[in-house]
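Just the one chain here, laid out as structure tokens, in the form predicted on its own.
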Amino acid sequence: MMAVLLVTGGSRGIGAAVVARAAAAGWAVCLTYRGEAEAAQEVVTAAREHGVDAKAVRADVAVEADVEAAFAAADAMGPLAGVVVNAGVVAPKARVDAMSAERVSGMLAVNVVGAVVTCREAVRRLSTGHGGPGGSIVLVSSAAARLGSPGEYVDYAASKAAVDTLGAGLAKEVAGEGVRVNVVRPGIIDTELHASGGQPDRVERLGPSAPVGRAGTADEVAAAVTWLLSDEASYCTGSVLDVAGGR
């Protein structure tokens, strides 16, 4: 039976690229999506072309019951071996002195609470302390966590800094239980995330400012994620891998 990978936020961008690479590497994949059912199904169809099982589950990671249901769907596919904590949101460009509590709470609910609950469910299945086989968790953070994103979305940067800390602490917590936990921090990546934050031209504007002179691609980030999931990264845990073009 194929090992199963759960990818949250897998219908587009980095998540979809992770699904594609994982399927090509022989993983069965369960992906979550929040509102893009058609896009999610397209990702599933493409994954199945590699001869693996694939499934899409509607889930809002800010809702605990949705996260639990997504893991149940993955469990039904076979033994879970990896989890990619990728689902995240960004809000329109704003200074901190213009941010509402509602905006910040909504972002933290997805980017932080959702990440913690996803990791909780992953550990309950993967940890040898819970009778699991071991496995790998990869959290998708952002270079914003160390850059701060002043004048754009400091709240998003802060939420991703929390993801970095989650990865660092959890890695130590479960290192002796067969579970590796690592973080990937993308820089300016050409995905739909920027448009959802009200800046559809952000990649075009800021990509050339990276030391390598361009924005990155979702597939370049996915390559890092899938490497950390693999046995080739067997001695990596608690690591933070920047995929940020030198930023």
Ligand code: NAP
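All values reported here derive from a predicted model rather than from experimental measurement. Throughout, we count residues from 1 along the sequence that is shown.
What comes next is about the form predicted in complex with the named molecule, which does not appear here.
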| property | result |
| --- | --- |
| Every residue of G13, G88 and V140 near the named molecule in the model of the complex, heavy atom within 4.5 Å | yes |
| Heavy atom contact within 4.5 Å of the named molecule in the model of the complex, the stretch among 94 to 102, 140 to 148, 69 to 77, 125 to 133 | 140 to 148 |
| Option touching the named molecule, based on a heavy atom within 4.5 Å in the model of the complex, out of A158, A81, A168, V110 | V110 |
| In the model of the complex, the one of I189, V183, A222, A47 near the named molecule [non-hydrogen atom within 4.5 angstroms] | I189 |
| Partner proximity in the model of the complex: E36 to the named molecule, non-hydrogen atom cutoff 4.5 Å | yes |
| A59, heavy atom within 4.5 angstroms of the named molecule in the model of the complex | yes |
